[in-house]
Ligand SMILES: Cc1cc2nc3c(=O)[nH]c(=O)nc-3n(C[C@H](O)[C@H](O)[C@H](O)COP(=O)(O)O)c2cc1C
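Below, in structure tokens: the form predicted alone, a single chain.
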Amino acid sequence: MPTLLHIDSSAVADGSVSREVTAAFRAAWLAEHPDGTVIHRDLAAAPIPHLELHGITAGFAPAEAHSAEQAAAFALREELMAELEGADAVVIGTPMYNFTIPSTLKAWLDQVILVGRTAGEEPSAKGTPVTVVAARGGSYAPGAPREPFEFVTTYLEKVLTGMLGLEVDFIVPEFTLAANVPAMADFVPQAAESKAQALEQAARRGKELAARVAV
């Protein structure tokens, strides 16, 4: 059956715009494939360990040569890589923290990127469609004063396409902090409009990608 890999990384459980939009994508996907499989990785509720020495060195040695520590570390990498490789589509929700992605999402990326398998000349998940919901508190759009500080979509586009060979599409709700920051009160209408557009895009994208999968 069709499989969706759903990744959330916002530290906010309730009121997270990125989580709300990824949920809309997931609902649209499941509407087309009610018996499909959804693998949900909540990186805030269950953080992925950062890649460390044993996980790194295990990636460059055959399994039979792994130490016990290497085997344990690589078992997690194997699980995460297999989830990516087995997915028919991926949806990733990320807020902007200090101009870039949360460290929890970076940890997931470091674990799944393995040159010679998921990355390199023939990435094992090449062509898999990935929808990234990149929510941000203000505006970093082209022409905005803070455009040069945008390192969420710029980074993820490079790593997801350039290393993993995935097909990436971005949905970007902006001004998510407007309702909570008095100095941003004038941007509340733009925030509402941006969120509404993001929800619509997510539902449409979820339905479109679900239709690609033969059952």
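Note that the structure is a prediction, hence the values are computed from the model and not measured. Counting begins at 1, following the sequence as shown.
Although not depicted, the form predicted together with the named molecule is the subject of the following passage.
The stretch in contact with the named molecule in the predicted bound form, judged by heavy atoms within 4.5 Å, is 170-178, chosen from 27-35, 45-53, 66-74, 170-178. By the criterion of a heavy atom within 4.5 Å, Pro129 is excluded from the residues contacting the named molecule in the predicted bound form. Interface membership of Trp108, defined by any non-hydrogen atom within 4.5 Å of the named molecule in the predicted bound form, is ruled out. Contact between Ala198 and the named molecule in the predicted bound form is not found at the 4.5 Å heavy atom cutoff. Mapping the unseen interface onto this chain, Ala192 falls outside it, with no heavy atom inside 4.5 Å of the named molecule in the predicted bound form. With contact defined as any non-hydrogen atom lying within 4.5 angstroms of the named molecule in the predicted bound form, the contacting residues in 13-37 are Gly15, Ser16, Val17, Ser18, Arg19, given in sequence order.
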